[in-house]
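Here are two versions of the same chain, shown separately as C-alpha cells and labelled structure 1 and structure 2.
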Structure 1
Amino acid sequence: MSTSTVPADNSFQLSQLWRDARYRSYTIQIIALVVALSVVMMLISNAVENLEALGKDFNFGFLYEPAGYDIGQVLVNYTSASGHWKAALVGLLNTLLVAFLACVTATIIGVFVGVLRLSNNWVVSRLMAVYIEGVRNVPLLLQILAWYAVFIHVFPTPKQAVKAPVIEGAVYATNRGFYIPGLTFDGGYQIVVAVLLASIAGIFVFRRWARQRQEATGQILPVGYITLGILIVPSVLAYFAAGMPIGLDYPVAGRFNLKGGLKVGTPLIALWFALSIYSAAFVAEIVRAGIMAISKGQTEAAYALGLRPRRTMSLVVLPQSLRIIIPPMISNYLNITKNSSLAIAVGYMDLTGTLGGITLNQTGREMECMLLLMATYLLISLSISAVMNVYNESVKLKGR
C-alpha cells in the first residue's frame, strides 16, 4: 500500500471550505456567527424603528419619577411618592423574602418527607408517595390560587378575629393576613447585633480549633454545648448591658381592626405555603435519590469498623449523599426563586408585580422594564449557579 499518493497540491479550492475537515469547522462557525449576529441586528433595528414610529425613546429616567401606587407588604420605607426604582427595590426584596422563606420550609418538609418515603413502614411510605405524586402533577399556579382562596375563605375577617385570637394579644389570624409581634429597635441595638455577629464568627473559629485539637491529640470537646453557649451568652449579656434596646411590638386589637405588630399579608402566606408544599415534593425526591445512591456496603463497612449509627450517618453516609443531593437542591432553590414570580397571580408585590406589572403599565415603558426585570432575574440565577459551580468543584471526586 502506498502512503500519501495524493500529490501535494497546495492550491486552495473553494469546495475545501466544506469538504476539508481542516476548514469545515471554521466555515460552520462563521456561518453560525453571521446568522446569529444578523438575527440580533435585525431584532434591534426593528425595535429602534418601531420605537421611533411610536414616538418612544429608550431611557431609564422614568425610574426616578414618583411611582404613585401603594404596596401592601414592604420591607423598606416606601410610600407612593417614592420613585419607581424604590418600588422595584421593594419588589426585589419581596421576591428574595418569599424565595428565602420557601427554600427553608421546603427543605425542612422535603427532607422529612424524603426520609419517610424511604421508610420500611409501608403505610407511611405509601402516604408520602401519594403526597409527592399528588403535588408534583398539579400546576403550581393552580395550587397558589387554590391556597389563596382557601386562606381567604377559611380565616375570619379582622373584626371576628379580634374576638377569636390565636394567642390573645399577640397572634391573630385573619383573612387579610396574620398579625404577629414585630421587633422594635431602640438606640443601641447595633451593639447587640454586633455582638451576635461576632459570636457567630467566634463559633467558626472555635469549631476549627476544636477539630484541629482533636486531630492532634484525639481529645473530643463537647462542641455542641460550647457552640450554643458562645451563641447565646454574650448576646444576652450585651442585650441587658445596652439596656434592652430590642423589644416586641404586639398587635393591638381595635374594635374593627388590628393595629401595630407585624402584618404578614395573605398573598405572602398563600404564596409561601404553596411554594413550600410544591417544592417540598421535589426536595423529597432529591433526598430520596441521594440516600438511595449510597450503596449499603458503605453503612455495613462503617458498622464493621465499630461506628455508632449516628456517626455512620454523619461521617460516612451524609458526606457522600450530600455530594449527590446538593447540586439538584440548589437548582431547585433556583426554581423556587423563579417560581415566586407567580406571585403576580395573587397580588403579592414581588419584582414581577412592581417592575413588570404596575410600573410597566403606568409608564408604558415595556422595553426598559422588561430588560431590567429579566436582567435582575438573570443576575440572581447566574450568581446562584456560580455558587453551585464552586461547590461542585470543591466536592468533585479527585483523581478519577
Structure 2
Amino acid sequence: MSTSTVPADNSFQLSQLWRDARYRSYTIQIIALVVALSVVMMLISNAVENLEALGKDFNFGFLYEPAGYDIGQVLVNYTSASGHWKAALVGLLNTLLVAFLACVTATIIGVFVGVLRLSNNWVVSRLMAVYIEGVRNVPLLLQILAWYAVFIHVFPTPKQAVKAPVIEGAVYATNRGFYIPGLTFDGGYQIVVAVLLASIAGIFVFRRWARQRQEATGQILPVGYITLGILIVPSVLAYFAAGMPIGLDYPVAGRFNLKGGLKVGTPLIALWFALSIYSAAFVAEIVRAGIMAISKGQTEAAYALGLRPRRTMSLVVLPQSLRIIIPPMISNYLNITKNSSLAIAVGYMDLTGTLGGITLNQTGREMECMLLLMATYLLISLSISAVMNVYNESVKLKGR
C-alpha cells in the first residue's frame, strides 16, 4: 500500500513545504538563510549601537586622511602624506608580491624534494625525509625570525659590503637587504613589453600544440629549447629595433651607503625564504603522495617501451598525478597567502601591517579596518582558488 504526499486535487497546501520531498530541501535552505541573515543583522546592529555608545560612527572616510607614516618596501609611489587607502594599497601589493614569490619557489623546491624523497638512493631519500619532517614540525613564526636573524647577523653592513660585492659592481648583499640593478625605461619600451607579452602568449599556444601533436603522433619536440627561443629571440630583436629603450640602473657605492639600483629589503627576503622552505615541505609530501598513487604498472610499461626514468617521470607519472596533486596544492597556496600576514614580525609592511596595524591604531577604526582586511583576504583567496580550479579542470581525465 503506497502513500502520497500530494493532495488528490493537486492544490498546494502549506504542509507540503515540510512533508513533500519536492519542497522540503528548499524550505530548509530558506530557513537556514533567514536564520543566518538574522544573526548577521543582530551582530551588525549591536556593533553599531556599541560604537554609538563610544561616540563613534561607522564610515570609511578615514581612508582619505594622510597616513603619516613611511613604508620601507613600496611598489608604487607613496609618501607619508598619502592617504590611508594608498598605504593599504602598498600593503596589499607587498602581500601579493611575497605570496607570489613564495608560491613559485615553494612549488619548485617541493616538486624537486618530493621526487628525490622517492629516490632509490637511501642517503638522498633519508636527507629529504629529515628536511620534510624537520621543517614541517617547527612553527613558521620561529622560522621567519630565524631567517631574519641569519640575514641580519651573517651579512655585512652596507659600508663593508661596498668592499666585497657579490657580483662586481652589480649586486651587493648587506644586512639591510640586497642591492641589485633596477630597470630604467625610455621612449619605445612599450614595444618591447608588447612583444614580450606576445611571446609569452605564443609559448602557451605552442606548448598546447606540441602536447596535442605528441598525443596524436607520439613524436616529442624539444619543447624546452623552442620555448626559450620564442621567449628570447623576438624580445631581443624588438629591443634593438626600438633603440634599446630599457636599461639598468646599477647600485653605486657611496662612502657609507649604497645608492641607486633596486633594494630588496631584509624583511622581504627573510619572509620569502621562510615561507618557501616551510611550504615546500608540504608540497613535497603532496607530490610524493600523488606519484605513489600512480600504479607501478605505468612505470614498468614505460620502461618496457624504452623510456628512461627522467622521461618516464615527466611524460607518464607526473601528468597523471596532477589530478591528485592539484586539489591539495590549492589549499597550500591559500595557506601561503594567509601565512604572509606574519610579516609584521620582521617589519615587512604587508596588508596586515598597514591597514590592520598602523592605520588601525592611528585612526581607531577597528571595525572598518578589520572588515576591509577580512574582505581583502577573502577576495584574494577566492581568486587563487578560482584560477587553480580552472587549471584543475584542464588536467582532469576527460570522458570519451
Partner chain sequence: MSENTFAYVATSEKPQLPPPQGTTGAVGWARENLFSSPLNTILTLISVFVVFSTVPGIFNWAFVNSVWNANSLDECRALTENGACWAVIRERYHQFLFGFYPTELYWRPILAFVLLFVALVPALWDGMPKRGAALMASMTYPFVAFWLIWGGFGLEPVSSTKLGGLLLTMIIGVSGISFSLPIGIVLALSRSSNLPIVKSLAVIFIEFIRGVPLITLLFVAHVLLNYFLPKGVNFDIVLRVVIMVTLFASAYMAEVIRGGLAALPKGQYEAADALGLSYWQSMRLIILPQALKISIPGIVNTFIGLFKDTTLVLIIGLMDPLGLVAPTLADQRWNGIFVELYAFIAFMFFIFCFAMSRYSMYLERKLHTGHR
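Residue 1 is the first residue of structure 1, and the numbers go on in sequence order from there. Computed from a predicted model, the values in this text were never measured in an experiment. Rigid core here is just the name for the largest C-alpha set that superposes within 1.5 Å across the two forms.
- The form predicted alone appears here as structure 2; structure 1 is the other form of the chain.
- Once both forms are fitted on their rigid core, the CA atom of Y26 lies 2 Å or more apart between structures 1 and 2.
- Relative to the superposed rigid core, the position of the CA of A375 differs between structures 1 and 2 by less than 2 Å.
- Relative to the superposed core, R323 undergoes a Cα shift smaller than 2 Å between structures 1 and 2.
- After superposing on the rigid core, the C-alpha of Y303 is displaced by 4.4 Å between structures 1 and 2.
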